[in-house]
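What follows is one chain in structure tokens, specifically the form predicted alone.
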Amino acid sequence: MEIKNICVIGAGVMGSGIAQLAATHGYHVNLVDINEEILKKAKASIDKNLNRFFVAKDKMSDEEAKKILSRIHLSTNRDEAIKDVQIVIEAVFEDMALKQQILSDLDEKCDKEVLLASNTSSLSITDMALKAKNQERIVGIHFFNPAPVMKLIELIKSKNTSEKTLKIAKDFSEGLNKTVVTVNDSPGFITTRLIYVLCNEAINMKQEGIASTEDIDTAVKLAFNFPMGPLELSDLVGNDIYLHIGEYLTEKLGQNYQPSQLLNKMVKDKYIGRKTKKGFYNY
């Protein structure tokens, strides 16, 4: 199947990043969200990122950046946006019921050959596809933030994903100049399950007073050559997101994944991280 046009549902940080990445590689992208304001902010953010990280660093010309931006089309009408596309990627909030509803609706309305993908970072693709009739065409394509820069994609095969779907998804992902790892469907996959454990344990250490926030992060960065410490990373991703992931992993895998009491308290007190300007650090 020749892929020329894709649809991305959800114009948040991940959705807009995926749209930018795909448009950079020549695809025409229909970017969908619930209102025009969200979409305009997303496209303005993409424009800013292209200029700041690529044009300003002489990685592309201003003309190339404008061409990339011209390949991204904004829409609040999902039914119109999915016409004449070969892949639809949903990148909405990590809510199982919402993702099930979206994929079921897409399965009903999209042509049979259209590949349906979720950008989930932790939720079961098998469970997500349960309400769809054609579950063999549903796959997980887990991009990492920022999607235009990070080299990895986790490709998640559900119990019902066909080999044909998996091959199309892998070819598409590698065509975006990414390294692809294939994972059998399991809560948290490889990366989210591992990084959650690291971040949650760092939060437990903070709660126990073992060391300061800065020293925990410095130790991890220098000892393991990580670009960012676990508490800094938790602030970046969002402490609310890590709490949600922890609750899901606990439900699916047991009490070893129980979120830290401090993490619960911080989310309750709105210490979410960068998006609220306060978390383990102030921003």
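All residue numbers refer to positions in the sequence shown, first residue = 1. Remember, it's a predicted structure, so these values are computed and weren't measured experimentally.
The same protein also has a form predicted together with a small molecule, omitted here; what follows describes it.
Proximity to the small molecule in the predicted bound form, defined as a heavy atom within 4.5 Å, singles out one entry of V88, A202, I138, A91, which is A91. Heavy atoms within 4.5 Å of the small molecule in the predicted bound form belong, among the stretches 53-61, 34-42, 215-223, 248-256, to residues of 34-42. In the predicted bound form, the small molecule sits within 4.5 Å of a heavy atom of F143. Though the partner is left out of this view, M266 does not reach within 4.5 Å of the small molecule in the predicted bound form, counting heavy atoms only. Within this chain, R78 lines the site of the small molecule in the predicted bound form, having a heavy atom no more than 4.5 Å away. Under a 4.5 angstroms non-hydrogen atom cutoff, the small molecule in the predicted bound form lacks G273 among its neighbouring residues.
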